[in-house]
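Consider the single chain below, provided in structure tokens and representing the form predicted alone.
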């Protein structure tokens, strides 16, 4: 079986849910493709700044958006980051994998991680700024994956 997930949200809890579902499906032997677009792309950004050539607007976007999985806010009760820190503390205490760990697990299990080329262009994100193992793809690639899938999720 095949599953696809569109990750539109840049909220930590929603991106975590996407990776938990993807990892679960991959563990069951399903082929999984995750298509990251718009705010979801921030989860795929490297934590450290990468020196790339950008125009003023692209630099501004990069400065305003969170850089990487560790910087994503919660969708609810973020409270300037305090809610996220409480959530991370509880997750650690309950032995719940962190978002970076979930991403690594997905890559290790062969989950296909696709970054939307159009959204990257609009938001000024360059390939060099993304974590390893991410493929750049257009909407036609995602739709081809979705045509073959029995489950398509939008998160």
Partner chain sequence: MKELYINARGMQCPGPIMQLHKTLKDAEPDTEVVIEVTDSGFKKDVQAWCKKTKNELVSLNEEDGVIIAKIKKKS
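On a predicted model such as this, the values are computed, not experimentally measured, just so you know. Numbering follows the first chain given and starts at 1.
Heads up, the form predicted together with the partner chain isn't pictured, but that's what we're talking about next.
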item: Three-residue site 58, 117 and 125 fully in contact with the partner chain in the model of the complex at 4.5 Å by heavy atom; value: no
item: Stretch in contact in the model of the complex with the partner chain, which is absent here, among 64-72, 44-52, 89-97, 125-133 (heavy atoms within 4.5 Å); value: 89-97
item: Residue 138: touches the partner chain in the model of the complex, heavy atom cutoff 4.5 angstroms; value: no
item: Residue contact check: residue 9 to the partner chain in the model of the complex, 4.5 Å heavy atom; value: no
item: Heavy atom of residue 24 within 4.5 Å of the partner chain in the model of the complex; value: yes
item: Heavy atom within 4.5 Å of the partner chain in the model of the complex - qualifying residues of 1-17; value: 1, 3
